[in-house]
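Take a look at this single chain in structure tokens; it is the form predicted on its own.
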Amino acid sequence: MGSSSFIRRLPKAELHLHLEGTVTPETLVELSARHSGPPLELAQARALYEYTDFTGFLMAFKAVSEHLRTPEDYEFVTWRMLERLARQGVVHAEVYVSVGVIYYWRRCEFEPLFLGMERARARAEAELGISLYWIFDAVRHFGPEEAARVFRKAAELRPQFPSIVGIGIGGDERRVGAEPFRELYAEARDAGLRLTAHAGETVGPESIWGAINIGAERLGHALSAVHDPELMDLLAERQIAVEICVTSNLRTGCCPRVEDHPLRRYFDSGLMVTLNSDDPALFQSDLEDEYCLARKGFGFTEEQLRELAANSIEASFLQAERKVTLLRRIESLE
């Protein structure tokens, strides 16, 4: 109980979290009741979350996304997400929203939906004291042309909405690497956007090298870096943050056993490691659970958990002044 209380009270940021992946089956049932047609039963909703591999996970993510239809839906799930984060001691989140899915699969306008998300973000900041930045995520296997729509929409909206902080590419890296997005990343950087990329989740270290080579400042998963000593040295030297999602890697089959996960080795090798939940509703593990897993499954001490929390703040895209304030809170926690 002492460790759980410490973890819950520890101020921390979540840097790799997909909005759509926070929608629980129970919330999906509530959403379906708002729309025309027969509402989902809870058993039907839970069935959508069943999968056996990474491809199945992508299909489950798509199925959940299809039930988000209106600005009110997006406001509702954003508020629910932020409530849960605040209960876990999360003081800041940088959340991926799958703009690429909205454009490509659903063919609908994004701005009205985003206004709903923004209403919930502003309310949570005022009422819960938690801040949130948005990262517009493109689906890499939809191709550069679709990614360009996503990144340029982020650049277009950012002057009006400073909460839009960056861009990224998710999706199936087995089909498309990072290189086709090089020019788009340069364009996004020139527009003042920060750069992230999922890399090394389902394929080897070459994917991580590719993401670094196009300018990614943070790496989602980076699971396969452990197989390349030169890459490990570079990540430690440059302190390129890695967004580690242990339970996600286990549930998608990208890592066969918890004993095989490189979290401990990364930390001991001096990498800038952050803990994250990725898609907590789909993986049944939130950020508090990930810290508990680090404690119990990997032997992290409370002081090392404090270091992981500090890493999450340092690796965030927050302004320096807010980082200093939050780092002092972490340091002073008893």
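Values in this document were obtained by computation on a predicted structure and should not be read as measured data. Residue indices: 1-based, along the sequence shown.
What comes next is about the form predicted in complex with hypoxanthine, which does not appear here.
Asks: Among 267, 300, 54, 49, which has any heavy atom within 4.5 Å of hypoxanthine in the predicted bound form?
Replies: When hypoxanthine is considered in the predicted bound form, the option within 4.5 Å is 54.
Asks: Heavy atoms within 4.5 Å of hypoxanthine in the predicted bound form: which stretch in 169 to 177, 116 to 124, 152 to 160, 77 to 85 meets that?
Replies: Correct option: 169 to 177.
Asks: Does any part of residue 40 reach within 4.5 Å of hypoxanthine in the predicted bound form? Heavy atoms only, please.
Replies: Residue 40: no, not in contact with hypoxanthine in the predicted bound form.
Asks: Is there a non-hydrogen atom of residue 291 within 4.5 angstroms of a non-hydrogen atom of hypoxanthine in the predicted bound form?
Replies: Flag for residue 291 set to no.
Asks: Flag residue 16 as yes or no: does it have a non-hydrogen atom within 4.5 angstroms of any non-hydrogen atom of hypoxanthine in the predicted bound form?
Replies: Close contact exists here: in the predicted bound form, residue 16 approaches hypoxanthine to within 4.5 Å, heavy atoms only.
Asks: With the cut-off set at 4.5 Å between non-hydrogen atoms, does residue 58 touch hypoxanthine in the predicted bound form?
Replies: Residue 58 belongs to the contact set for hypoxanthine.
Asks: Can you confirm whether 92, 94 and 243, the three residues that make up this candidate site, all sit within 4.5 Å of hypoxanthine in the predicted bound form, judged by heavy atoms?
Replies: No, none of 92, 94 and 243 comes within 4.5 Å of hypoxanthine in the predicted bound form.
Asks: Though the partner is not shown here, which residues of 258 to 287 have a heavy atom within 4.5 Å of hypoxanthine in the predicted bound form?
Replies: The stretch 258 to 287, when checked against hypoxanthine in the predicted bound form, contributes 278, 279 at the 4.5 Å heavy-atom cut-off.
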